[in-house]
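Consider the single chain below, provided in structure tokens and representing the form predicted on its own.
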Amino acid sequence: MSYIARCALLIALAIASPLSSATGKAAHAASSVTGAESLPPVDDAEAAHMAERVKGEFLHAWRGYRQYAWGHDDLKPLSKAPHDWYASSLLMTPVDALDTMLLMHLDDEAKDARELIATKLSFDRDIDVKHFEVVIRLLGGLLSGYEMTGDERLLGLANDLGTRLLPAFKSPTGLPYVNVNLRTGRGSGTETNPAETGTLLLEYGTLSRLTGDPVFYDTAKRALVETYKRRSKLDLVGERIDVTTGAWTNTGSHIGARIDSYYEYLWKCWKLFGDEDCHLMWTTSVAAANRYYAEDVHGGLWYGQVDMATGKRTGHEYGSLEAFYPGLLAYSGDIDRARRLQRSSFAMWNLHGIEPESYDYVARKVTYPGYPLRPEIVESTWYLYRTTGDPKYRAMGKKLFDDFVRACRTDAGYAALSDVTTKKQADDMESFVMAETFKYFYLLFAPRDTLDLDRVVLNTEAHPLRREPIAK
């Protein structure tokens, strides 16, 4: 069965299934958007214990990868088999996991991963790769690994990769093609989205700073600006855009899939580089997002879908990807709004003891029941704890982690869920669980100085990059 057909079947089953009495109670509880106030408190001693638990579970997942998928992109945790994205492995999991191991002081594991990357990873491959995913996972991971270790081999790989990816931007608009061939530079795939055109500057900009070559920064910034320039009169962007014409092919607007990290990087490129253009674009865009997407429903704040041209409401879905937004709001200083939206995210999680990919908050029903081990709600919990110091966010994080382990742990690692209502596992453990999910859980409970947010900015894959103004 194809991926699309499988998704359609899961959605149909979720819509058709009647609520059990337990689910009905959960839906009623979620309607009041309860927070974490009633959870047992997590003091410093308990937090230290939780940090060790998180580290132990990360090691469990890493050792499963090491035993069954070493040298490959991912582990299939149920069949205990390796999985590669393309014809040749690009070592997605080792590159994504490296800085997490360094932050956790897992020195032996980090050394082994670094040697594998430095000696076995090659980008001289005749393969078409997904530009956006390779930038945030591999380019971001290599740059972070270099800044944390000083290993020049990692910077060399990053420079080689960035150079091979750069032809993706050779479109009539300067927006990158969806795919690029690592050997020939040929771009392909003309229908893209703001997340994939606007979530690139942190990585390419850091490469410019480290190599002294401004072409990376300038090229990625042009793509971000070209995306912003095509916003509507309401200052909203759409869901899909043609890289050859610059015309929107889908005018749906929201903070979810295909747009989400566009907003994230408008703020973060200002934080990382001090680029005032980014700050201006962020200020305009976030004001429009908060005005048009937000709505109060059943006692809680939610963010749904509108048309970018008219602002007319087109949907009421919120899910695991949207759950990043409270963290971004908190990071940018909008604490009150962040708190309210985080309560909604947590209520959605508590419906079934783990969050779905999509939830209709007006109809109070799951519309896509999958959970691919996403980190976003944990990310927001951490940002809210770091910006407020409120201990309830650590209590919230403990509940999230307990549920996560209970539902997703396997003998060989951690498995995605095909259905959060039944907890049926899927044979998939994407590398971002090592880069993001475990990292955010660990940072939530680890000492504050484990990562200094005054000195680094995390890219959308949670790879820390050093804050420094870019030379003009």
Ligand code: DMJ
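Note that the structure is a prediction, hence the values are computed from the model and not measured. In this text, residue numbers run from 1 along the sequence as written.
Omitted here: the form predicted in complex with 1-deoxymannojirimycin (DMJ). The next part is about that form.
- If you check in the predicted bound form, is E376 within 4.5 Å of 1-deoxymannojirimycin (DMJ), heavy atoms only? Judged by the heavy-atom cut-off of 4.5 Å, E376 is in contact with 1-deoxymannojirimycin (DMJ) in the predicted bound form.
- Message: Can you tell me whether L321 touches 1-deoxymannojirimycin (DMJ)? I mean in the predicted bound form, with a 4.5 angstroms heavy atom cut-off.
- Response: Yes, L321 sits close enough to 1-deoxymannojirimycin (DMJ) in the predicted bound form that at least one of its heavy atoms falls within 4.5 Å.
- Message: Can you tell me whether Y442 touches 1-deoxymannojirimycin (DMJ)? I mean in the predicted bound form, with a 4.5 angstroms heavy atom cut-off.
- Response: Contact check for Y442: no, nothing within 4.5 Å of 1-deoxymannojirimycin (DMJ) in the predicted bound form.
- Does the 4.5 Å heavy atom contact test between I136 and 1-deoxymannojirimycin (DMJ) in the predicted bound form come out positive? I136: contacts 1-deoxymannojirimycin (DMJ) in the predicted bound form.
- Residues in which of 64 to 72, 428 to 436, 49 to 57, 408 to 416 have heavy atoms within 4.5 Å of 1-deoxymannojirimycin (DMJ) in the predicted bound form? Among the candidates, contact is made by 428 to 436.
- Identify, from the list S380, S261, S144, T100, the residue with a heavy atom within 4.5 Å of 1-deoxymannojirimycin (DMJ) in the predicted bound form. The residue from S380, S261, S144, T100 that makes the contact is S261.
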